[in-house]
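Next up is one chain by itself, shown in structure tokens, the form predicted on its own.
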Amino acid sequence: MTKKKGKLTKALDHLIHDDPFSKGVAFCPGCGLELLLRIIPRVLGNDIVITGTPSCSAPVLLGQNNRSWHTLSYFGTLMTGAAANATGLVRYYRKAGIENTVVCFNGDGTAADIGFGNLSGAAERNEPFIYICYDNEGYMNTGIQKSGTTPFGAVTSTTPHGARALRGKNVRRMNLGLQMAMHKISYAATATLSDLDDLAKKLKKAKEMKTQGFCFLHILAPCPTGWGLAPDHTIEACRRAVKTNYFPLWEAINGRIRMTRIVKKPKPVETYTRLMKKFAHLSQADLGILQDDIDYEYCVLGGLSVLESECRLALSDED
């Protein structure tokens, strides 16, 4: 039977390896992590070595008792030393003459907060492995506490909404992907679960580019439990995050940024926030602050993604 060409087949064409996970795994209903974890080895291959830390993904990747939910190689470590652990694995395999791909797989609590110094050091040394941060914007595995990537106004257990002085997180989020791109590493990119073709292409490019050094993928991974999101709205949340520029899609090679999807008429951020309870209390003034933050970051990305030739032309004009 001839396979029909069309949008539905684009993502599937990248899934050339077997799914190493069992049919049922211990994730919450609607958790985007299951989809992400199943896609990574099907794109990169089952010979990858994953290393990670205590997190939402750890119960599945580590397994329970003497049982496992997958057939991959996995090595657990502490949150403070995730990237250093991956560095050690890469250097061991290189010395042993073993060709494989090491994937450091962690949430935003490790990548943006507790293990950021470790991550930055590995990036500065240009260690040849792939670091994937699945960003669910908080410490979801330990009680839904806020992290550095938790957006302004979001309700968490440590940034509650209640009394007049408690209106969710009162500071803006950090842009982890952009910070890593500014390390001028071999490859950095953002991706979401609603654009699987884009995600798969970036996984492949990271595997190709890691021969030249450090590669970082920042992937939005909604948490229905922590966000107050309906389990069947996980992919829709990702889709709206892209369409509002809340989570724009781009890639950077050696620090030079290129947008991989440009939204010509972005929707207002309220289109995205109305899907989840963690933003339900926001006033129009609060939404304005969040919108301003999104617009500002997108303008920064736009400025950084100017073509090199245009930059050189601008410099020559100044001279």
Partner chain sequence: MTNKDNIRFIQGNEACVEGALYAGLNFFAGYPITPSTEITEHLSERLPQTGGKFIQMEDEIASMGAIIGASLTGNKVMTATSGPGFSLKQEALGYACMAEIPCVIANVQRGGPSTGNPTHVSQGDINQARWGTHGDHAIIALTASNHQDVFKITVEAFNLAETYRTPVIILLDEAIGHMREKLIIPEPGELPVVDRLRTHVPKGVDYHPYLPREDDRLPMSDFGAQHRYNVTGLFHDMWGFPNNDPAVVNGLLHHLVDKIENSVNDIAMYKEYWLDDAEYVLVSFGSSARSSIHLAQNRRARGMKIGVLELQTLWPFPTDIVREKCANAKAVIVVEMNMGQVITQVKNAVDNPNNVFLANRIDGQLISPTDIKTVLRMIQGKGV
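All of these numbers come straight from a predicted model, not from anything done at the bench. Residue numbers count along the first chain shown, from 1.
Omitted here: the form predicted together with the partner chain. The next part is about that form.
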The partner chain contact in the model of the complex: Leu178, any heavy atom under 4.5 Å = no
Might Pro160 be said to contact the partner chain in the model of the complex, defining contact as any heavy atom within 4.5 Å?
-> yes
Could you confirm whether Leu166 comes within 4.5 Å of the partner chain in the model of the complex, counting heavy atoms only?
-> yes
Looking at the partner-bound form in the model of the complex, is Ile114 within 4.5 Å of the partner chain by any heavy atom?
-> yes
Only hit among Gly30, Pro54, Pro266, Gly45 for heavy atom within 4.5 Å of the partner chain in the model of the complex is Pro54
Answer option from Lys146, Arg173, Lys210, Lys202, heavy atom within 4.5 Å of the partner chain in the model of the complex = Lys146
Among 179 to 187, 75 to 83, 240 to 248, 217 to 225, mark the stretch whose residues have heavy atoms within 4.5 Å of the partner chain in the model of the complex.
-> 75 to 83
